[in-house]
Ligand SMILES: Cc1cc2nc3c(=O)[nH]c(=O)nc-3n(C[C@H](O)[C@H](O)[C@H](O)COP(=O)(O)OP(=O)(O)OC[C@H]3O[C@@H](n4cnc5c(N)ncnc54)[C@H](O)[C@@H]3O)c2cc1C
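Given as structure tokens, the chain that follows is alone and in the form predicted on its own.
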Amino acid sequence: MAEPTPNAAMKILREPTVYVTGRQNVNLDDIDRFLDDHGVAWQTDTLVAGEHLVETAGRICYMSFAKPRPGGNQAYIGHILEVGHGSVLEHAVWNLLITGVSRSLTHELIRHRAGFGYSQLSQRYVDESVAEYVEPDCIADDPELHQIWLETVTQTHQGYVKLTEKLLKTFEAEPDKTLRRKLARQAARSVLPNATETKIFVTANARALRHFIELRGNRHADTEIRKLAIAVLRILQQEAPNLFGDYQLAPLGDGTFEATTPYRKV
């Protein structure tokens, strides 16, 4: 059987994309006002807001502003990681927009509840007639498996399009055009595969992100979500090296990487 050619409304993806859409700012004036009110002077040496806030929160616990450890913010956070004082990491927050991932992946991602917030693309309101699909590497790299996968996805995609068209006629008596489209799409989406690409906006703190990286950046995790965890880690190591620089990347046999750290479950 000849390999089907995806129509122009289909696109196949294999790698996630992560956008940093937001990060914190520090209100230096109020931190200085607090220090002045308590008769101490202190200044961090990091320019990263999340690292600054983690150090501030940690020093609040012991009021250690007057006698800072040598080595600056890097040494301070390094000690926090070493002793497992992870609660102060919850004050550093990032906003990430993730695309190019499947609904299989997000079914796993949203199991991370503590320290995470999610807003995901709605298949009830967004037309999937023009859709993208995520193909697993182990399938894409095998011509026979790829053909089976492509045939299946193409068939379900075409089924979605046909169902949507017919359901729109079924609900044509509904005067509200937006509601009519929603009713059609929410029924037609039932045939869409887990491979359907989705977009998800994620807000998470540093402690929760570390937990995610350690669980999903592991060699035993699903390949797609492992690739995402490593992509997130690479970004966060640039964003806040003092908070995420302890992770090392080890290559795996399938061409992906595993994240390891001596400070697990902080």
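All of these numbers come straight from a predicted model, not from anything done at the bench. For every residue, the number given is its place in the sequence shown, counted from 1.
One more form of this protein should be noted, the form predicted together with the named molecule, which is absent from this view; the next part is about it.
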For the spot marked by His157, Arg185 and Arg189, is every residue within 4.5 Å of the named molecule in the predicted bound form through some heavy atom? no
The single option of Lys162, His112, His85, Arg124 touching the named molecule in the predicted bound form, heavy atom within 4.5 Å: His112
Looking in the predicted bound form, any heavy atom of His211 within 4.5 Å of the named molecule? yes
Is there a heavy atom of Val48 lying 4.5 Å or less from a heavy atom of the named molecule in the predicted bound form? no
Even though the partner isn't displayed, in the predicted bound form is His220 close enough to the named molecule, meaning a heavy atom within 4.5 Å? yes
Are any of the heavy atoms in Leu215 no more than 4.5 Å from a heavy atom of the named molecule in the predicted bound form? yes
Just one of 77 to 85, 135 to 143, 167 to 175, 104 to 112 has residues with a heavy atom within 4.5 Å of the named molecule in the predicted bound form, so point it out. 104 to 112
Judged by heavy atom distances of 4.5 Å or less, which residues of 233 to 266 approach the named molecule in the predicted bound form? Lys265
